[in-house]
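Consider the single chain below, provided in structure tokens and representing the form predicted alone.
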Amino acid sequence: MTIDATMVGRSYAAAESYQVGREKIREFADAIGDPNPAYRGADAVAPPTFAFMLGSRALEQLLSDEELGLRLDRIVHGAQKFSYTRPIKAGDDIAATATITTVRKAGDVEVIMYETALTTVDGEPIATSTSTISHNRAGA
């Protein structure tokens, strides 16, 4: 199997939504070494990179698509950027959906760009992440 332009537009929703809790925000902030008080307390907001953890749940679905034939041990994560509508905050119930937006080949390497939309379960946009991964099929 090889990735091609027919894969563009495929979407992968996380298996379930994620209930954002104050404690998870604090633990994440501690893990990245950020003492910002905004990441603690009753009105805690999540650090900007917390969105990666939420989006990774949709990425798991993309990577497990047998038709794509991607192998995690042959993937390099490249560029990633986040655009926010509003901060992620404690109490949010977040759904994540990753959609393949671009596919190109460079020799044995497939370069895949995908966009992950984070919304509340009610559909309110929260953030969008645009990411690039490279997958090497050589020797596979």
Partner chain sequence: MKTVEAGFELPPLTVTFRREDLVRYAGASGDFNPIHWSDRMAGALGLPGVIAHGMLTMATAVRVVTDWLDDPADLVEYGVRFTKPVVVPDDDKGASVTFSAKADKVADGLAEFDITAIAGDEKVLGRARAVVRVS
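Fair warning: this is a prediction, and the values are worked out from it, not measured in the lab. Residue numbers count along the first chain shown, from 1.
There is also a form predicted in complex with its partner chain; it is not shown, and the following applies to it.
Q. Closest heavy atom of residue 87 to its partner chain in the model of the complex, within 4.5 Å or not?
A. Contact with its partner chain, yes.
(Q) I'd like to check something about residue 105: if you look in the model of the complex, is any of its heavy atoms closer than or equal to 4.5 Å to a heavy atom of its partner chain? (A) Heavy-atom contact with its partner chain at 4.5 Å: absent for residue 105.
Q.
residue 114 versus its partner chain, in the model of the complex: is there a non-hydrogen atom within 4.5 Å?
A. Although its partner chain is absent here, residue 114 would stay clear of it in the model of the complex, with no heavy atoms inside 4.5 Å.
(Q) If we define contact as a non-hydrogen atom of the residue within 4.5 angstroms of the partner, is residue 64 a contact of its partner chain in the model of the complex? (A) Residue-level check for residue 64: no, no contact with its partner chain.
**Q.** Site check 34, 52 and 79: each within 4.5 Å of its partner chain in the model of the complex by heavy atom
**A.** Yes.
Q.
With its partner chain taken in the model of the complex, which residues across 15-29 come within 4.5 angstroms through any non-hydrogen atom?
A. If the 4.5 Å heavy-atom criterion is applied to its partner chain in the model of the complex, 15-29 yields 24, 27, 28.
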